[in-house]
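The chain below stands alone and is given in structure tokens; this is the form predicted on its own.
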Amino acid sequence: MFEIKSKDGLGRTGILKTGHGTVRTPALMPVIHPGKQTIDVKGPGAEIVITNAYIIYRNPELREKALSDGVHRLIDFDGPIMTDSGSFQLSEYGDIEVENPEIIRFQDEIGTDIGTSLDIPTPPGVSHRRALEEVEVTLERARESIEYRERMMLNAVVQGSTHPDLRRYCASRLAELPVELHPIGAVVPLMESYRYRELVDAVLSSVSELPPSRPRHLMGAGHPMLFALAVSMGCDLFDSAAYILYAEDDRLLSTEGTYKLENLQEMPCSCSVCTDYTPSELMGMDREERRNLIAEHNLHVSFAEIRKVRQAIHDGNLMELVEERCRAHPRLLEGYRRMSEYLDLIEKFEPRSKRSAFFYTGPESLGRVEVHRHLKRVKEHLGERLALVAPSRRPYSSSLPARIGGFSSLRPQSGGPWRVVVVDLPFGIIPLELDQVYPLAQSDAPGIMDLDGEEFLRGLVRDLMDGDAIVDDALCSELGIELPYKYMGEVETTVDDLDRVRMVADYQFGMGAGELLFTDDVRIERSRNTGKIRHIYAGDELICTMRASDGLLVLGAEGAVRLHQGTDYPACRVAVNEESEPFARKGKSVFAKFIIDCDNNIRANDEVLIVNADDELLATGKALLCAEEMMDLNHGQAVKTRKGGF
């Protein structure tokens, strides 16, 4: 069973429940070599490990002990254990001495928690024909494995080499099977050769077709500098023997790369190994003792990074961490840039509002889904006759002069009124009516603009100048734009409260929601402390509250009724079954397994209407999952109900 707890883009924290305990994801599974392991991995943070069932199967002594005592006693680990089937040996040596049904039954018999079918690990760069043939074998073995497993959870591995269409095909077929997890296989050669751009294609092509209710396991990914990027692509589990293999070669892992012990003057972190020993002291030890201490450091660094990634997802700043980590190597940065080709996929899972601000850390930030989403939505709401102005202090509407003069245009322009739009990084175009809304208000960028940012803004301004637009002289100067005509009038920058709440509603719920919710006779109240809009009423009935944390609207009872009556099913709706209906009416949270339908445009943290199968309004609430997750998951909360009783 898998349950999502928090989200940031495709990254998510979750709970994976197994027969031997619960695993918090994302999680790293250290590889345990059966019969040889001497290093404690549980102390540094391992909640789950992986070992090789084929090695156990081929060794008579290990096999007998595993069958009699179980794999947990064999490797002395009482938590969840995943086993590999021999695919690694198949990729290394080209042949193994076991059939798929045999190794599936064996994994079940030795008590593994999560077993793996004997997939074909097709290496990168092979022909499309060969890759397809081997994908078909992998699929057939995955189907076959279902017949032979009895108790254990089952991995079904996505293959397809470096052909994205085959990755999608394989993943889509595996998604139809009753299995629990999906490793993404045969990617180690890409990681070893720093081909991260192709890794991104392989992973995201696979993830695009995999059910969000099943954890995804990036096989062989064990270097901590890669975890943040991999999690941002939707990976939940990692396995690797890197901690011990690198230690054998006197190499120390870090989130910035790898250090060779002989080149160190100072130890690289603050773990007990790095604080208790100097490089020269380690070099003077016997080989086994030195290896074990370096392995201990490598485990410490790896699990510290996993914890940091989980916290970043909770805080909503995973992508800032990804941008930081990917600057450790040019090829990593190339891989991160490649992710901008998958924005439509990522957008479906990106929460509408998050705890943390958006920080512009370089031109890669312009390729993030938040910018993509904002520009797509805001252009629907701009209308005509735009006055484009240079940024001032945030919030812009309270720091700009009441009237601004000094504008130029591409064509002669006459009097107003004009909609004032601030042009600024990172979101490009910000109507004053939206300048207090997340993420526009909760963002920051350096005052000195880089060349990519300047070109980004220049392109947006040029696009807007195709319509009726005037540009203030300060902005023209900053972006190096020369326009032939001067506009001699002044522009009013004061934003009417009713115009503001209507545009926020359109931006949040869709075009037309503003006038639907807020008629001309509404009463708008401001906070005594902040002076910002706080409540909107129809008489004494609360329509909406404007949330101070992100400037978005929370529906009151009257607002929910108006939105429900004025929109067609399934807009803004989550429909629940009969079993859940009375609980929703009482204000109880909605669990994913009770949802029968929802608006495909719902994203995590959206305000939603909870209805029954007949579209009767039951309650309002905040979505905790996106639409695709709501319809796929069978465990955990999907909507936090705010108000029932309708």
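All of these numbers come straight from a predicted model, not from anything done at the bench. Numbering starts at 1 and runs along the sequence shown.
There is another form of the same protein, the form predicted in complex with a small molecule; it is not shown, and what comes next is about it.
**Message:** Taking any heavy atom pair closer than or equal to 4.5 Å as contact, tell me whether L252 reaches the small molecule in the predicted complex.
**Reply:** Residue-level check for L252: no, no contact with the small molecule.
**Prompt:** Counting only non-hydrogen atoms and a 4.5 angstroms cut-off, does Q107 reach the small molecule in the predicted complex?
**Reply:** Because no heavy atom of Q107 falls inside 4.5 Å of the small molecule in the predicted complex, the answer is no.
**Message:** Residue-level question: is V179 within 4.5 Å of the small molecule in the predicted complex, judged on heavy atoms?
**Reply:** Answer no; every heavy atom of V179 is more than 4.5 Å from the small molecule in the predicted complex.
**Message:** Whether P395 contacts the small molecule in the predicted complex should be assessed with a 4.5 Å heavy atom distance threshold; does it?
**Reply:** No, P395 stays farther than 4.5 Å from the small molecule in the predicted complex.
**Asked** M233, L237, I81, A186: which sits within 4.5 Å of the small molecule in the predicted complex by any heavy atom?
**Response** In short, A186.
**Message:** Only one of S85, S161, S145, S205 gets a heavy atom within 4.5 Å of the small molecule in the predicted complex. Which one?
**Reply:** Looking at S85, S161, S145, S205 one by one, just S85 meets the 4.5 Å heavy-atom criterion.
**Request:** Sort through 545-553, 115-123, 515-523, 353-361 and report the only stretch with a non-hydrogen atom within 4.5 Å of the small molecule in the predicted complex.
**Result:** Of the options given, it is 115-123.
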